[in-house]
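Before any questions on binding or motion, here is one chain by itself as structure tokens, the form predicted alone.
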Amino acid sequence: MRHKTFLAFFLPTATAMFLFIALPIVSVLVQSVHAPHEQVIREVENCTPFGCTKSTTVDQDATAALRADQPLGRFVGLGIYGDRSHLAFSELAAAWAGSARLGDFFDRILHLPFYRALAFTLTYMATVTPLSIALGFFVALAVNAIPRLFRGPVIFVSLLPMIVTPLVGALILFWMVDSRGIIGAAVQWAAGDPNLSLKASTTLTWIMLIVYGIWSTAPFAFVVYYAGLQTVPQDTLESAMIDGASRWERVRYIVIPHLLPLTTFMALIKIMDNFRVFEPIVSFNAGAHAQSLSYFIYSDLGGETRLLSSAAATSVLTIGGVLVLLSPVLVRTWRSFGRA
């Protein structure tokens, strides 16, 4: 391919990647090493016939001028990454020195806001990702095995969680787990505790969010796997049946290896998606018991005091976490591509 032709294809893509991916990341990184300017304090001396007194006051004009002159704020370097709201190095060292057991150490660091959000994010991602993929796979196998006459209605019902708007779906489940809802009342009856509330318990809130995550994201895996099942070579399956292979053996030795590239693709997508979990927490109003890294950023950006630097630092740490989690899958894919 001629260089001019190659540039004609590559340059628009490279420009779009620079504008919409690289530039925002660089801007967030720059913002994360700057902190807001402190207010300019003036000392004013008031003199009366009875003497002079000194008082301090905020110079609003000077503060506004300083912030207008340097909108990014003052440069603080990487210090914000180590403060108590983020990696909290000093608090970690104190917790490690003051803990007799490893469990006590984890109990202490889970009181730190960043690590509490990180714990929920990792738990949600590590649970929802494999279970939603597995559920979608088994639903696709089941739908693919039923007569064609019933596939249309079954596929429609299976896709309902993905068709329904996430906010509406979350609100429906939110009312179902209420103490007056069918799930909340059933849990109270099963536990024998009429005062038990799913929304008042941190553990039950986490379980509720994880169940909702699996329910709402499994249809995507189902669609991908159902399409992939139509490409499985039928002659190989028929040969296995003639050789006496059971249904499970055909799935294990023919279907699963054939769908492995799709599984890798969905794992990449779902790891990134689940690591950014945000909507279920807002929809369930569960911020008091469960906070993800994305919700942590949202909290910093909300309210009257917008902590842009803190939100930027958390965003950079989130991006770093996604890259670390994706690196094993990317390395495996790269090696497979190299052997092909």
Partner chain sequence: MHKVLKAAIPVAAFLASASIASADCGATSGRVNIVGNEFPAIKTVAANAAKCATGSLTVSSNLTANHQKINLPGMQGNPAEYTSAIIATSSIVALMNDNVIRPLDALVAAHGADIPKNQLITINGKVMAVAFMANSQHLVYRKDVLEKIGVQPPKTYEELLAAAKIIREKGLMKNPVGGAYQAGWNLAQEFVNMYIGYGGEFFKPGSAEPAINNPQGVAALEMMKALSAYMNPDFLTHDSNATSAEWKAGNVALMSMWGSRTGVLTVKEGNDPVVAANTAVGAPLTVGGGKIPATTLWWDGWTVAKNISEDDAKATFLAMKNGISPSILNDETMGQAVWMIKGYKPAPVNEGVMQTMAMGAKPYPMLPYMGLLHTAIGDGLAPFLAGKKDAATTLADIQAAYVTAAKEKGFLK
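Predicted, not measured: the structure shown is a model, and the values here were computed from it. Just so we're on the same page, rigid core means the largest C-alpha set that superposes within 1.5 Å between forms. Numbering follows the first chain given and starts at 1.
The form predicted together with the partner chain exists for this protein as well; it is not shown, and the discussion that follows is about that form.
Heavy atoms of R74 reach within 4.5 Å of the partner chain in the predicted bound form, making it an interface residue. Contact check for N195: a heavy atom falls within 4.5 Å of the partner chain in the predicted bound form. At a distance threshold of 4.5 angstroms between non-hydrogen atoms, H258 is out of contact with the partner chain in the predicted bound form. Using a 4.5 angstroms threshold between heavy atoms, R247 stays clear of the partner chain in the predicted bound form. The chain is drawn here without the partner chain; in the predicted bound form, the stretch among 133-141, 178-186, 226-234, 250-258 whose residues come within 4.5 Å of it by any heavy atom is 178-186. Using a 4.5 Å cut-off to the partner chain in the predicted bound form, not one of V33, I269 and R332 places a heavy atom inside that distance. In sequence order, R67, R74, I80, D83, R84, S85 are the residues of 62-100 having a heavy atom within 4.5 Å of the partner chain in the predicted bound form; the partner itself is omitted from this view. Once the rigid core is overlaid between this form and the one not shown, L72 counts among the residues whose Cα shifts by 2 Å or more. Once the cores line up, the CA of A311 ends up less than 2 angstroms apart between this form and the one not shown.
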